[in-house]
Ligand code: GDP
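First, one chain by itself: the form predicted on its own, in structure tokens.
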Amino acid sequence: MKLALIGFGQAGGKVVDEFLAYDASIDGGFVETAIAVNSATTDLHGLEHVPQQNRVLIGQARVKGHGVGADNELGATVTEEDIDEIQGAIDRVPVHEIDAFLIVAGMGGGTGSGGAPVLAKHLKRIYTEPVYGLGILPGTDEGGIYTLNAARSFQTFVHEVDNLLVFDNDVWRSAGESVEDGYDRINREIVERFGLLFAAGEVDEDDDVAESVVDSSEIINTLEGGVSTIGYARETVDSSGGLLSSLRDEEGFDEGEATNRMTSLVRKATLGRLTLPCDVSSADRGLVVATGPAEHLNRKGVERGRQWLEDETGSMEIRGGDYPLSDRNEVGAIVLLSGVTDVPRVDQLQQVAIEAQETAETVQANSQDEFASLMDTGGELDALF
């Protein structure tokens, strides 16, 4: 699947930068173009892989390259005002060669949180290609303003994109990690899961051909509206091949082992740590992709995994396929669940945001009253003018 990636804000830019590195490392070919948009000059300078001409600074007239300070209303405003600057970079995208746009943004900050929904609306108005969002939720310990930003951005973003893929930082934090190390590891987790999904089906002449190809239409049909989450499980295998492997194939040993392994991996991916935890049975659609050396993948394993997921979700729209990766010593299963509706984290996010908003309004009202009281001299002192 060929994508035009647009990283919006600090988190979005870093993730897109990581996507480029990952795409090159697996020779995936799913990134057609990558653009980074930000209101802070230093964040754009910190990127390593996004081409310089594809780094767009917005909001210079208002914030002078210093960012919007977690004010996502201002982030939305400067995006609307400078949408032509962003469009200038998008005009260089060979749109006839892409399957979709993917806008990546952290939902707790200011620039990405406010600007990503504005850009999504703009792209959908101009182009016929699907516009997807990849939204990264802040941790619950990051503060009330970030939670409020994320809840308001989520509410807006999900209605402006064809599908919103979500990654919840809260689920992926590890105790004892520094903030920088934590975010670097989380970004790698994000790009591996979503990168393998989007790279599936992109093959060169020398690559192994899948038994059941996952093409872009399979992913597009699965991402048909709503909110999505991804699970991934893997295990190491002996991919050395040779005579022993050939003999095992003849005896039927390897086929049975590969089938059982794949079914188990699909279960682990689905019931393990999802990018956004949810009740699996609430999913409308799903996609199972098996990855790894071709000799360890078989149609029966993918089909059994797909049937199991069909039973778990109660959905008839569960697709499946494989993505051979000859240079890996791991077999994995990617499970995409789309149209999920039972998501406790989103319910919690919205409730905390409502409380934070009420608290902020109360504090502001009290502050105005206290300031008025401070300056009240009972009419005995006149101001200069």
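Note that residue numbering follows the sequence shown and begins at 1. Just so it is clear, the model here is predicted, and its values are computed rather than measured.
In what follows, reference is made to the form predicted together with the named molecule, a form of this protein that is not presented.
For the options I103, L287, I190, L164, the one in contact with the named molecule in the model of the complex, meaning a heavy atom within 4.5 Å, is I190. Of the candidates Y183, F154, Y132, Y232, Y183 is the one whose heavy atoms come within 4.5 Å of the named molecule in the model of the complex; the others do not.
The stretch among 137 to 145, 279 to 287, 120 to 128, 303 to 311 whose residues place heavy atoms within 4.5 Å of the named molecule in the model of the complex is 137 to 145.
No member of the trio R299, P324 and S326 reaches the named molecule in the model of the complex with any non-hydrogen atom inside 4.5 Å. By the criterion of a heavy atom within 4.5 Å, V16 is excluded from the residues contacting the named molecule in the model of the complex. Under a 4.5 angstroms non-hydrogen atom cutoff, the named molecule in the model of the complex has G108 among its neighbouring residues. Contact check for G69: a heavy atom falls within 4.5 Å of the named molecule in the model of the complex. Looking at T222, you'd find every heavy atom of it more than 4.5 angstroms from the named molecule in the model of the complex.
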